[in-house]
Structure formats: structure tokens, C-alpha cells
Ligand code: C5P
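Heads up, the chain below is alone and in the form predicted on its own; it's given as C-alpha cells.
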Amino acid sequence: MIVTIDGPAGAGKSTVARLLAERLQFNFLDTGAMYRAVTWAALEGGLDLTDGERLSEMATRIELRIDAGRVSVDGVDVSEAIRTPEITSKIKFIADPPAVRSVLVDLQRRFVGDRNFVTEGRDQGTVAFPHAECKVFLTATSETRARRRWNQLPAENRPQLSAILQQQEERDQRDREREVGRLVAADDARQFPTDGLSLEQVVDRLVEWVGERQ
């Protein structure tokens, strides 16, 4: 069984998907880590981040592995290196080109195969796994998502909440207008608002729902 977790930035996709996989005893695929790893490889290789063709060729050549929460590229553990602000600021150059996304979607499908997986990302239920048995589209208001982001930042470096909210809304617009991997719920996805719910409550309800589908 495949369970996809889609939704906008700040809705809690990664954390919810990871915990849901643990509760269900499924494998977990963090697609964001894949895009980050390819971004790291491009920077290490000195590639032009605006050259989509070369980026897609590089993404095809590298050996990308995700195992037990660790990420490696050509045998180098990059689990921490891909979480730096520099990678975060450059990941759009990998996530936007259709050719690069196509390579990574193919890789995601090979990772999952016919095993039980919870997989999260913006296009998992619509592009990567349209046949998934359980599709979840997590939602929350812009204000809720911005406050979650704000609370995650170190207190001494927090910008104004209004600045986070503005960035959130700008990203939402970009994600909705992307050529590929557009932010949209699959027609057969369950819309799941998380406003006012704790993380545990969200996971509990999803465990119950997936159990019913099984």
C-alpha cells in the first residue's frame, strides 16, 4: 500500500508522514531530501544551476540513497549537509526544471516499488503515485502555517511573524503556478485540515483512516 502526503509548505507533511510511517510500520520516503541531495551534488560539482539539461544529466548519473533516515550521494553521507541555509536557498533550481523533476519522480517510483510506503511531497498523489491507495492533502491556514514556521526558528534569530507570513503566501503562489509539480490536491485525495490539532491528533486520525482503507 502507498500512502501519499501532499499539501502546502508548513502544513506538516514531513513530520506527519514520518510519524505515520512509524505507526503503520511502513517505509518512509522524504522526497524533499532527494531534491536537497541533488542540489548539494550540483553545488559540489560547480554546475550552472540555470542549466536544466546538465542538471538532469547529473541527477541521472549520481547514486542517491536514502536509508534509515540517512542520505548519501555517491557514497558520501550528506544527511546534515543538505539541511544548510545555502541548500535551502538553491533548491528551487532543482525543483523547478521539468527534466530534473522527471528524473527524480522515476527514482521515487523505483525506491517504492511494490512495498508499503508513506511518501510526502507536493506532487506525490498527482504525479508520482496517482495509483496510490491512500492520498492525503494536509491543509492549514496561511496564518497557522506561518506561526508553525516561526515557532521552529531560534528565538534570538526570529524575524517578524508578518515577514514569515508574507514569504509563505509568496511561496504558495509560486507553488500553485509551477509548470510541473504544481500544488494541487488529487481528485481522490482526502483534504485534511490540521488547524487546532496537535501533531499526535493528526497522526492518530490518519492511522485510523488508513486502517479503514486497508
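All values derive from a computational prediction rather than experimental measurement. Numbering starts at 1 and runs along the sequence shown.
We do not show the form predicted together with ligand C5P, though everything after this point is about it.
**Student:** Please identify the residue among 78, 134, 95, 138 with any heavy atom within 4.5 Å of ligand C5P in the predicted complex.
**Tutor:** Checking each option against ligand C5P in the predicted complex, the one that comes within 4.5 Å is 95.
**Student:** Choose one stretch from 153 to 161, 25 to 33, 62 to 70, 40 to 48: the one whose residues place a heavy atom within 4.5 angstroms of ligand C5P in the predicted complex.
**Tutor:** Answer to the contact question: 25 to 33.
**Student:** Residue-level question: is residue 147 within 4.5 Å of ligand C5P in the predicted complex, judged on heavy atoms?
**Tutor:** Heavy-atom contact with ligand C5P at 4.5 Å: absent for residue 147.
**Student:** Does ligand C5P get within 4.5 angstroms of any non-hydrogen atom of residue 83 in the predicted complex?
**Tutor:** Close contact exists here: in the predicted complex, residue 83 approaches ligand C5P to within 4.5 Å, heavy atoms only.
**Student:** Is there any non-hydrogen atom of residue 171 lying within 4.5 Å of ligand C5P in the predicted complex?
**Tutor:** Yes, residue 171 sits close enough to ligand C5P in the predicted complex that at least one of its heavy atoms falls within 4.5 Å.
**Student:** Verify the contact flag for residue 54: yes if a non-hydrogen atom of it lies within 4.5 Å of a non-hydrogen atom of ligand C5P in the predicted complex, no if not.
**Tutor:** Close contact is absent here: in the predicted complex, residue 54 is far from ligand C5P, nothing within 4.5 Å, heavy atoms only.
**Student:** Can you name the residues of 164 to 179 that have a non-hydrogen atom within 4.5 angstroms of ligand C5P in the predicted complex?
**Tutor:** Residues within 4.5 Å: 171, 175, 178.
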